[in-house]
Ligand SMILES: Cc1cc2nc3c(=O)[nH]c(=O)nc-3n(C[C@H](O)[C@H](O)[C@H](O)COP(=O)(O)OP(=O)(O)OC[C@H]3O[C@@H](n4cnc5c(N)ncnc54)[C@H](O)[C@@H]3O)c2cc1C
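What follows is a single chain, given as structure tokens, in the form predicted alone.
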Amino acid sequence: MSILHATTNLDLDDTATGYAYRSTEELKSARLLFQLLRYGALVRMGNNIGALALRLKLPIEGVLRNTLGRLFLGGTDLESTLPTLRRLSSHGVSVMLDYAVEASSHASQQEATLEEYLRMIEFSSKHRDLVSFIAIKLTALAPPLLWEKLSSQAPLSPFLLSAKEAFESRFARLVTAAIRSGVPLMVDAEESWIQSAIDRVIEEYMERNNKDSIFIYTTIQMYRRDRLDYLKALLSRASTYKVGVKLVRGAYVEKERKRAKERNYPDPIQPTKAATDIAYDAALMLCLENIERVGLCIATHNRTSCMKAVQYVLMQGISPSHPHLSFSQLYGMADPLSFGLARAGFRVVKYVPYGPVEKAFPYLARRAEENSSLSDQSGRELRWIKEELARRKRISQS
């Protein structure tokens, strides 16, 4: 038994704790799905068929809802998430609620997304015991082309000037509602070629609104070569306000590298996974060293990074339930990590997406692709699930 386990009861491989909220039927379904997801060719074919079927309005929603949706989505609308949120809460885990919508270039869709975000805030304010954060995408409130032009500081057309004004109005309304309701906003990261403009907007709003409490969080993708320097500069600039940071590794490796090659500019992504891990842990330590003025969400499925954070917190005498500290993993994945941390007294927020299947399909497709390409991750999920099913079988036969 490790010192950490003896002093905190921390066990990040305890499947009994990790899957206590899942029925045996759910685990068997998850086992089958993760087994299928390990076949990359099958996943790519399934994603292509699913996207085509949805475009053609074929009746595929039920299949998706009962497979990928059952594993990775909390519900199809806000009210339908409540059973999931309550189940998680009964085991000491809160949520980061996400409306699983993608970027949009149409003003009507952007307005519809704003209204849904406002409903999320109202819903979360009524269920503060269940919801800790809501996640939002700025590319769902203004067209990606606007962010790209702003990032490159190119002149804006009249259409994009109008889109910029509309975004400013939408985001101001959203932030006002969030602060009034006491619900922090976690802004998603985007591709490198549009992120710098988003960074500027988020920093401006953090400076305005993160004086005493932290209402605005940015997301920093540590697979980018420049993000550790960006984080250091951000902390240096933030002398009069607090910084909210969600640390992630990153999700667009192939897309980023393909664009860099096509347009002949330097690859913005770390050369290896090891380099990403080193950068992530360096950023993690930097934020923990400044925990009194940094709201830190450690969003990772990496066991080593979680353990490093736990060790630092305990060695420095920081409370595991410090209001500026939380861990986050995706709903449907890494449950032994999440529930092991929660059992040891750390604040854990599951990232719980919801939405109609046709809107959530791109999110579901990414989860499928992620588990087909990251064999260690899908293999670990399978190992955990099989161990828990075997444990339950032994108990039922004893």
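Each residue number is its position in the shown sequence, starting from 1. Every value quoted in this text rests on a predicted model; they were computed, and no experiment measured them.
The form predicted together with the ligand is left out here; the points below concern that form.
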### Message
Among the candidate stretches 69 to 77, 145 to 153, 322 to 330, 285 to 293, which one is within 4.5 Å of the ligand in the model of the complex when only heavy atoms are counted?
### Response
322 to 330
### Query
Is Thr276 close to the ligand in the model of the complex, meaning a heavy atom pair under 4.5 Å apart or at it?
yes
### Query
Is Ser108 a contact residue for the ligand in the model of the complex, using a 4.5 Å heavy atom cut-off?
no
### Query
Taking 4.5 angstroms as the cut-off for heavy atoms, does Arg227 touch the ligand in the model of the complex?
no
### Query
Can any non-hydrogen atom of Pro271 be found within 4.5 angstroms of the ligand in the model of the complex?
yes
#### Entry: Single option in Leu130, Val310, Val248, Val101 placed near the ligand in the model of the complex, where near means a heavy atom within 4.5 Å
Val248
#### Entry: in the model of the complex, the residue from Val201, Ala163, Ala299, Leu114 that sits within 4.5 Å of the ligand by heavy atoms
Ala299
### Query
Can you name the residues of 331 to 353 that have a non-hydrogen atom within 4.5 angstroms of the ligand in the model of the complex?
Tyr351
